[in-house]
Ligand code: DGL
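Have a look below at one chain only, the form predicted alone, in structure tokens format.
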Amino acid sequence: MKLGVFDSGIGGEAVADALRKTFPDAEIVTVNDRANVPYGGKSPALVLRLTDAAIQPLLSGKCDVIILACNTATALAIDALRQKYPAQKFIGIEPMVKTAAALTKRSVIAVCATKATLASDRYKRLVRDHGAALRIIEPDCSEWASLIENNLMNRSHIERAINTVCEDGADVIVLGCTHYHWIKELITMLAAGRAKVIEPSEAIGRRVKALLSDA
């Protein structure tokens, strides 16, 4: 089995690490587009063009599944890529609103994501389908991906955001950008038991198994 993992930057490596644990015998190839990271402030047309260009090695490498380990690329590009490459299996990553809705006891969740993800039609559908009964807090995380990519993130950059959403009642925090996986432990520590922190690494492995078993 050969799996391709794409992300705009280093976030995809966290996803690839999780996949290596789930599929120790698989060949896992990663590509990124660090020359153009972050994607969160770019237009939908540009995100699609950049993503399409970046995944060409994975397409030519005949990957069984290509994982778009980028919430922004999933939100803005995956539908068009599936139409353009109908023979290729793609898996995208989306904010876990449905899971959060099942976990929250207060009906208040926080979604940490890029501006592009939060503004996308796919995210709006997630909220409509699974979050209509929730109050969803969307803190400003617009600089996080760039700071993480350049190893400039520190506790003060996120402490205010996490304290604010917890004090505002959120008991589930959704990490809606794979860059944020690198600081999950810090976010969990800052939440200090006030909120559960979730991200989709394990769910991606389950989706790969399901997709390939249907082949």
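In this text, residue numbers run from 1 along the sequence as written. Quick caveat: nothing in here was measured; it's all calculated off a predicted structure.
The next section is about a form of this same protein that is not shown, the form predicted in complex with the ligand.
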Going by a heavy atom distance of 4.5 Å, is Cys63 a contact of the ligand in the predicted bound form? no
Taking the shortest heavy atom distance, is Ile109 within 4.5 Å of the ligand in the predicted bound form? no
Any chance Cys177 has a heavy atom within 4.5 Å of the ligand in the predicted bound form? yes
Does any heavy atom of Val172 come within 4.5 Å of a heavy atom of the ligand in the predicted bound form? no
By the heavy atom within 4.5 Å rule, which residue out of Val165, Ile55, Ile183, Val37 makes contact with the ligand in the predicted bound form? Val37
Out of 120 to 128, 69 to 77, 99 to 107, 84 to 92, where are the residues with a heavy atom within 4.5 Å of the ligand in the predicted bound form? 69 to 77
